[in-house]
Structure formats: C-alpha cells, structure tokens
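Take a look at this one chain, the form predicted alone, written out in structure tokens.
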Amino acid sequence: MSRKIILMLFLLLSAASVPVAARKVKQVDRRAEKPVPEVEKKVIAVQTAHTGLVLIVHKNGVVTMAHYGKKVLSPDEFMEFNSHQGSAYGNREMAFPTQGGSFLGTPALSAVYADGSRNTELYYVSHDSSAGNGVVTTTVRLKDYVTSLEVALVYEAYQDEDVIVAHSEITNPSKTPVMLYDYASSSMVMPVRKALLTHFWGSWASEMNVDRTVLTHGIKTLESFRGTMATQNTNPSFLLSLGTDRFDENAGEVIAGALQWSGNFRISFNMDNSGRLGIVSGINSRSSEYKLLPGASFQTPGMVWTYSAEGAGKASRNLHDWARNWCIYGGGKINPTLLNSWEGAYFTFTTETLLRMIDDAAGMGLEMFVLDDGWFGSDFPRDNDKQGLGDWELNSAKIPEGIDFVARYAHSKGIKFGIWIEPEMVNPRSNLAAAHPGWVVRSPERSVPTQRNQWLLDLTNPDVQDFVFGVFDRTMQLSSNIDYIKWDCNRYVAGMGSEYLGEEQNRFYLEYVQGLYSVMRRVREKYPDTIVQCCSSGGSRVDYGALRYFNEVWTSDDTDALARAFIQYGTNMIYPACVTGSHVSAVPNHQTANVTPIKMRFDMACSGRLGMELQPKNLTPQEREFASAAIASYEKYRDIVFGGDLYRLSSPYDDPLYSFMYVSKDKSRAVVFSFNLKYTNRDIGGVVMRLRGLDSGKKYTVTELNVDKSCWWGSGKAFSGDFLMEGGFNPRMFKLYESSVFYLEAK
C-alpha cells in the first residue's frame, strides 16, 4: 500500500474519532462580512477657552484621540498627524476602545451578544456640535456594523472654566438583548513616558488622605465596591502630573479628573509598552452586568476633566469654578454658620437642652441650629443607635412640645433651624423592619449583615423610593420653619440581594444609585430652597454626582483641627471650600482625644463652612468671647472662602507650617490661613511665604484677625502685591498648634 493511501486512511479515521459537536465548532462561518463604509478623514476639536481635545476620524472609520491639553489654535493640522506608534498588537489611540478586533488594552466597552459573540468594533457615523450659555456640546456617533450596536460619545466643553465633561450613550437597535460587561463614561489616551498620580484614600474619620504614585508599566486602578458610602476608602477623583515624578502646585502640566457617580466606580491607568497612558473611567461593572434590551439606551455618568499648564493649583481652581457655576446645587451660595447638637448632646436631650443650645448659638452670632440624631421613635425610642431607624415619628418623651415648637423658637431668636434624617436605613428593632421585611437589602435564606446596628433599604424598589421621599417630605411637614436637612448614610452594602429585582440581581448596584438620584430629583422639585447636607458617616459620599442635589457635604466625623488639616487639604484639591462643612468641637477631641487651642480649632473651621459641634455651656467665658469674635470676623471674609480662588502655599504632608489662601475674583481681597503642625526651632525666625494670586500693582492692607498681638511685624500696614508675593510676608510661628488668619484688602 502506497504512503499516499495510508495517509488518506489515517486522516479519515482521525476525523471519525472527533465528536460531532467539536467538528461543528471547527466549521468556518462563511457568512458575508458586513462592509464598513469608507468616510472622509476629518478632525473633531472639542475646545474650551484654553484647553482642547482633538479626535481624528480616519478613512476606515476608526476614531482615535490625538491630543488633550493646551488649546491648539489650528486643530486641523492634526489631519496628517502620525504618532509613529506600532499597531501590531492593536494598541492604537482609540477614542473609545472596545473588546474586539485587534485591541488588547483596557476596554471602555465590552459586550456579549445573543449569539455569544464578544467582539465589538466601533466606527464613525457622524458628529455635530451645539453651543449655548457658555457650553459647547459635541456628540460623536459610532456604530458596530455587524451587531448594529450604537455608541454616542458626548463632550460638554465649559468654555470659561476649562472643563470638559464626557459621557457615553449606548443604544441597542437590534431585536435581541445585549449584555454589557464594561460601560465606561470616558476614555483618554496620551503619549507620556512618566506621570505622577495623586489620588485619595481613607476610612471613617480619616477621609481624603493623599497618596502619590509614579505610574509604571502596567495597570493602576482606583475603585470602590461599597455600593453606598462609596468614597470612604477611595475617592473617584485624581490629579495627574505629566512628564514628571514631582508634584508642583504652580508649574507643569496637570490633568485632573472626577466622576459624577455616588456608587461603585473604577478608574484605570494603563501605561503600555508603546509609551502611551490610557485612562478608562466610569461605573464599576463588577457584579453589575447590564442587560440592554432591544431599542433601549444606557447613559453613563459624566467624567469631569480639566487641564492645567500651571501646576496642580490651577487644575483645582478650574474644578472649583466649574463646580460652583454648573454642578453644586445652589451654585455654591453662602450657607449659614451653625451649631449642631450631636457632639454636644448625642442622644440625651430634652426640649430644654435644645432651647438653651439655641440661645447659646444666637448669642455667639451663629445663624442656625441643627438638631441631630435622637428626636424620633415612639415604640422604639431613638435613645441609642440600636433601634428606631425607619420609624420617623416624634419621640414625645424627649420633645413633648414638638419639632415646630423648637423650630419656631429658633426663628424667634433670629436663627434658622435644621434637622437630621437617615432615610435609607432601618434598625432591626423598628416597626418598619417588621412591617416590610421585603424592603431590606438581603440575600435570600441568609442572615442580614448589620453595620452600626442597621440594615439598608432597597432603593431599587419604587415603593422604597416613595417611602424615602416620604421621610424627607413628612419631616419638612413637621414645621414650616425647617430650613436645613442633614441627610446621613451610615453603612455600606453587604449581603447584597433585592427581593424586588428577582432574578435581575446584577441591576442592584446601578439601580440603587439611580433610585437615590430619582428621590433627590423629587426632593428638589418640591423643596428647591431647602439647604441639604450630604452626610455619609462623615465624608463617604463626597462626589460630583451627589453634589448636583446637595448644597454641601459633611467632610468627616473627625472634627479634630489637626486631622482636619489633612482631610480638608485633600478634599479641597478636588471639591471647593464652599461645600466643606467644618466644625469647632470640644477638647479632648471626641474622635482623636487630641487637645488643640480654641483659636486653631476656629481658624481651621473658618477655612470651610464654619460650624460648631459642642455643648456651648461648657465653654469658659474667655472661650465664648473668642468664639463670638471669630464668628464675626469670619462673616467679613467668608464670601472669599466660598467663591474665591484657592492657592495652596504649602502642604501639611511636607511642611510643618501648613498655609493656603483664598483670593477674590477681582483680586481686591484675600485671606491667608497658616497652621503650625510641628514645633520648629526658634532660631529659624519668620517663615517666608510667597503669597499667590494677588495683583502685583495693588496695595493691600494686611491685618491679622482675632489676636491681641500679631505674629507678623507688618500687621495693620499696607504693602504691594508684588512685595507680598516675592518674599516679604514672613509671620513668626514656631509653637505647636499656633495658627493665624490674615485678611488682605486693597486700598
């Protein structure tokens, strides 16, 4: 038998031994490929007053990113731009990279189709721009010509603030569902061989600590999977210093980003082998695969971007301007100074306690009194944190006269009144938990994990949304004199499960946040003028998604002035001081047991929205006198803190004398804060501070506030902005916890 015949017999026998199913898999799909139409090559420029993002549409329909940074006067010159980057491994500068084709990096979009296919390749269809009210919106439409999936990339360019907010809109025009496994808001790619990432980490009473990491090859990811309280451990924001391993406030290229989302998030930084950095940011899709039904669309939250050629300080100021003008509910208006009852009374109070605290608040010159936890619960009185949450009836044993009586008393003293609620939560010991066990977030047939003795209500359920809105609504009906609501949230998601969602449990993390936002929209429709604070066990819901509905945040439950130096330094890198609730509390501090002078406590609190968190009757006469003086002087300059430009002069991490200043937009006024966080050698003398942001040609009278004897020889005198910015300002501060506030006014 010839070798040829033997070989043919062997191949036939081998094929017969392969299972039929396996042979079918190996069959070639000979369906005709769907052609991608060739398009005209073009440049798409998304520009603000000083920054720009440039996309290139190639003839084959692929859209790539060519530039994000300083505004290019002739963006069309990118038409022939060649990055010289190899594409052998598919690592092109995709504007919105997908899982599919030859791309091998971190996808902004990955999907699974009805036939099991996992490939998505997006090509250009069209784009358009519209302008109005200082914003230019550019929409770039892409399509997968095999699956028909459509993606719109939307860029809102805020002209004066130099901010671009990007989001994506994914549409399924097919007749079968599409499962989305990744659905980012934004993707950026840029040529950079070195970059320093500044990001934020923390825990309860220690939020927004600063970490700095030099990005190396590979992937660095910032993410949260807490469901609620999403920003306690990691904040969905960052600053990126380009081309350097050093952080600089005043020089160098810096990109800053922040996600508008109050739930699970993921921001990944991929430094690849070709010298490019890809940044993909959006909702964390872990355990949140999204079924996009036929004809349906899904819109991702906004990713806020800004670029600075003048260091990190300018990037922060851009974000602050945008937040006050476009994002924060109420536009960053001045919120009242206040006394909060929590650390002064906790759960133990009577009507008399509250009335005397109101008297003290009014007597010191504060503008509002806020009644914190403990005012509700009838069958399960809220005398501790173990019961009562969910039962929002008045605890008449504590306040038999009613909330309206207390609120009217506050107004009779010339101050506003606020009250605390935590409507997303329920204690197991409550009438609500007994009446509606199906409203509790829980995994079937498993025990419900408790945090702070409480459970989480299921905001994916419309009935629960109605209840949560009703808590706010009924609380407001307790008195026509309620001006302020403190909305708290004191636990994260554990043992996730929703009776309402049934088999669609993957929708929970998404729809919880959407349910919260839906409630807040209803709140704002009915109560547009009520001041609402976003509190979440302190600073665990500090993000630009929540701030669309809230006037301010409770920065941290840690009220220690030393700790707040670090917490507020990190917070105000991204979020403006106008949202930063900052309170003077008793010593030893209830969180840290630290003892700081009352002047330092006031000076630190006055760098945000000033409040007090103590029992005023425990203050000495001298402390009360100082408090009244500090509150009065704060009212003189707080408009600069709320609406001015922040300049960080030093860092609490790197310098024992931590200093920063706010400058009014017209540069006519400024306020400078300094805190000595470490004893220094007396022989050093006055520390030279180079002030920033002043008009070099103006003369400023410089006055130290709230002291009998100034720490600077020039207090009360007038100096040129040039002198103050070039080394003439050198207050002498060497003792631990010394602090100063200097007020500058141009004459």
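These numbers were taken from a predicted model, which means no experiment stands behind them. Residue numbers here begin at 1 and follow the sequence given.
The discussion below concerns the form predicted in complex with a small molecule, not included here.
Look at 642 to 650, 520 to 528, 566 to 574, 535 to 543: in the model of the complex, residues with non-hydrogen atoms within 4.5 angstroms of the small molecule sit in 535 to 543. Residue 373 is the only one of 373, 391, 272, 161 with a heavy atom lying within 4.5 Å of the small molecule in the model of the complex. For the options 557, 150, 560, 253, the one in contact with the small molecule in the model of the complex, meaning a heavy atom within 4.5 Å, is 557.
Within 4.5 Å of any heavy atom of the small molecule in the model of the complex lies no heavy atom of residue 638. The small molecule is not shown here, but in the model of the complex it comes within 4.5 Å of a heavy atom of residue 490. At a distance threshold of 4.5 angstroms between non-hydrogen atoms, residue 452 is in contact with the small molecule in the model of the complex. Interface residue remark: residue 634 is not counted as part of the site for the small molecule in the model of the complex, having no heavy atom within 4.5 Å. The candidate spot formed by 238, 266 and 305 lies out of contact with the small molecule in the model of the complex, as no residue has a heavy atom within 4.5 Å of it.
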